[in-house]
Every structure is written in C-alpha cells, then in structure tokens.
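Only one chain comes next, encoded as structure tokens, the form predicted on its own.
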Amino acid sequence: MADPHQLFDDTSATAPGRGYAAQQSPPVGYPAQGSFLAEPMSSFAMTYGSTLASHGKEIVDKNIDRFIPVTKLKYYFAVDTVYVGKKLGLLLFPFMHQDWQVRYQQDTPVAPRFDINAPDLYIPVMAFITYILVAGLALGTQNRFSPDILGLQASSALAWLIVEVLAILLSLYLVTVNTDLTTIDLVAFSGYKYVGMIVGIVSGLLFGKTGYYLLLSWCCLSIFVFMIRTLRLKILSEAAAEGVLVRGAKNQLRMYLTMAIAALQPLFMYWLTYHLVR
C-alpha cells in the first residue's frame, strides 16, 4: 500500500534495461564506439593483402620462368587426339612416311597438333607412366611385385633417360654441331622409345617370350628408322639444306653421332624390359 506522505514514486526497482545501462546506450542511428576505426583498418588490410599476394605471384612467376620454361613447355603439350593417333602410328610404322621436315610459321615451329613431325612431351610422359604401370603388372603376374621394386624400376628408367640426354648434349658440344635441337627436344625424342617398350612388354604378357622378341624387334627397328630420319634434319642441317651429303671429317662425325643416338634406343628398350618377361 502506498505511503500517503511520499511525494515521488520509487524508481529504484525498474525493469532491466531501463536503468543506468539503458541510459548509457548510444542513440539510434549513431555507430557504436570504435566502428570509425574498424572499417578503415579492415579495408586497408584487405587492400594490402591483395597487393602483397599479386606481388608475390609476380616474383614466383619470374623465378619459375627462370628455371623452368613454362611457356616453352606449353608448346610441347599442345596436342590433340588426332595428333596422338598419327604420332603413335608414325612411331610404329615410320617406313612409308616421306616428309619429315618440321613446319615453321614466322620463324617459329607450329604447334605439334598441326604438324606430326614436331616433337611433343605428351606422348613421352604418358608412355613413361604407362611403362611403369605395365612393368608393375608384369611383376605382379610373376609374384615379384613390391612397391620397392616398382620404385626402383621407375627411378632406374628415369636415371637412364637423364644420362642419355646428358650424353647426347655432351656429344653435340664436342662435335660442335650447330643445331636448333633443345634439351626438351632431346627429352621428347628419347622418350618416344617407351611406346615400343610398352608394346614389347604387353606382347610378352600375352604371347610369351616369342611374342616379346618379335614385337620388340619390330619396335626397335621402327624407332631406329624414326630417329635417323628425324635427327638427320637437325644434326646434318648443312647436308639437308644442300640435298647431298657434305664431305669431310666433321660431317662424318655428325653422321656417326646421328646413327649412335638412333642405335642407343633399341639398346635401352631391351635393357629396361628383358627382365620383365619370363
């Protein structure tokens, strides 16, 4: 019951939210304290982060292009299904092919998908991977499969490829051959032999050693002819330009070098496959 002598109402028991805290809240329409600093700082951080990321990307791209020619590698992977089919046919049946000259457009070789004679890296890379898988299958059928053996097979094949390319580069330097062959070209040409190696291993799995030796011999002969007819236009460029063999000791060395590179391919094909067929 209210006191009749009380002049004012007691407001000390008001509902929550209507006391001192409510009196201290900012009026409607005004930002909270510190929001003036939060928004500029967040926008500055986002701008600085995007600038730093773009600058870092430029630095990475420059360093990658310095050590790994990404732009050049794109050229060697510019293939399509038609090119791959024709190139595989050329690697296995090179005897009837006549025009081995690489086509150029404004002093730049056209992309492989437009020229079957242009070297590419797609077929060598895929053939190398397939060779490792087929080797694992062959080892599995003989109860000799293990990850260590398969890893040794892959590392051995890769090591021999590197040794082969380095030996060819050293030979070209010693013979002083002026050629437009690049290291990537040599890797591509040296990697084509894996196609014949796959054919040899698969035939060995299906038909035994007789099928292995028959088809591998065919593939060895095919890659030998392919390498001779391809590299003679690169290494014997002077003779190819004149249409006749240029006589002289220097040109004989170039011719021997061409034949030696071509002869290496069958040796490696047999060395890397003979133990996989029993």
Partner chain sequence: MAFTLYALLQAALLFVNAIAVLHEERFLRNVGWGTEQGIGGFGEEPGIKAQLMNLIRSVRTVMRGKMKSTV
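Numbering follows the first chain given and starts at 1. This is a predicted model, so every value here is computed, not measured.
Just so it is clear, the following notes concern the form predicted together with the partner chain, a form of the same protein that is not shown.
For the chain shown alone, residue 170 is a contact residue for the partner chain in the model of the complex, at least one non-hydrogen atom being within 4.5 angstroms. At the 4.5 Å threshold, heavy atoms of residue 278 stay clear of the partner chain in the model of the complex, well away from it. Looking at residue 214, you'd find every heavy atom of it more than 4.5 angstroms from the partner chain in the model of the complex.
Contact annotation: residue 160 falls within 4.5 Å of the partner chain in the model of the complex, judged by heavy atom distances. Here is the short version: of 146, 71, 155, 108, the single residue with a heavy atom within 4.5 Å of the partner chain in the model of the complex is 155. A heavy atom within 4.5 Å of the partner chain in the model of the complex is found for exactly one of 174, 82, 133, 206: 174. In summary, the region of this chain contacting the partner chain in the model of the complex, judged by heavy atoms within 4.5 Å and restricted to 147-155, 133-141, 98-106, 116-124, corresponds to 147-155.
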